[in-house]
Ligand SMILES: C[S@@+](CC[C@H](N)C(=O)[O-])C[C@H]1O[C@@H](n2cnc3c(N)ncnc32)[C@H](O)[C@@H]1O
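Next up is one chain by itself, shown in structure tokens, the form predicted on its own.
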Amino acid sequence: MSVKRARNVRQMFGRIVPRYDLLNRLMSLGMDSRWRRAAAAAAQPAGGLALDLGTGTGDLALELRRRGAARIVGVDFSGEMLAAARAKATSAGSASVSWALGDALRLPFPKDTFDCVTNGFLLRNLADLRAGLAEMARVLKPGGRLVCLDMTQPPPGLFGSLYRLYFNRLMPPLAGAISGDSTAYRYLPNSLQGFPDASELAAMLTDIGLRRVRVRRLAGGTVALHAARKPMPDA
């Protein structure tokens, strides 16, 4: 991703903040909250220090808090998204969550810092997917868990064909009309082009040194939840 494209994506996310949560619910038929709850459960954050990357308006970070994380840091590259996340956390009374503007490819944290690292619908936006995953693994403590929730290539067959029709043709103009930003929701289906499927992403997690990689396919196989652990030094 060029510097110009990265800037455009950042600005795009900033523009859609007012309708972002509403559109997530509508586009997922209300299932996105359930997916984030599953991701938070897979991270097993109770009592630990958690990092949520691409935190957006903070939904996954707040799920980590509900799951008992002692402290959560939510990082995003959009200041407008972070402002919405802060407001949401304040309304929920979640003082144990802090927010930071940052780049997932250059995290401002020492290695072996976090007990778990999560991300929801971030990976397709990374300029260098492998480098981003390696950076997440770097800041994990040995034994810590990385959990990734994102779209994946739909399965073959009738359901997959119908989903592609919805995702590529029907959803973008509808979401654009609701959000008032047609450009933003043309980006979404384009971001899946060339993105590795669930099995390929699992192999990539293994390649960067993570172990016990597990994949759970959701929403008829159109969303994937990956969980992996950073090995202990003597493993």
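Computed from a predicted model, the values in this text were never measured in an experiment. Residues carry their position along the shown sequence, with the first being 1.
Below: the form predicted together with this ligand, not depicted.
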Original post:
Ok, 126, 137, 84, 73: which has a heavy atom sitting within 4.5 Å of this ligand in the predicted bound form?
Top reply: 126
**OP:** Mind telling me which stretch in 140-148, 96-104, 109-117, 154-162 gets its heavy atoms within 4.5 Å of this ligand in the predicted bound form?
**Re:** 96-104
Original post:
If you check in the predicted bound form, do 20, 24 and 54 all have a non-hydrogen atom within 4.5 Å of this ligand?
Top reply: yes
Original post:
With the cut-off set at 4.5 Å between non-hydrogen atoms, does residue 67 touch this ligand in the predicted bound form?
Top reply: no
**OP:** Consider residue 89 of the chain shown here, and say whether it contacts this ligand in the predicted bound form, taking contact as heavy atoms within 4.5 Å.
**Re:** no
Original post:
For residue 223, is any heavy atom within 4.5 Å of this ligand in the predicted bound form, or not?
Top reply: no
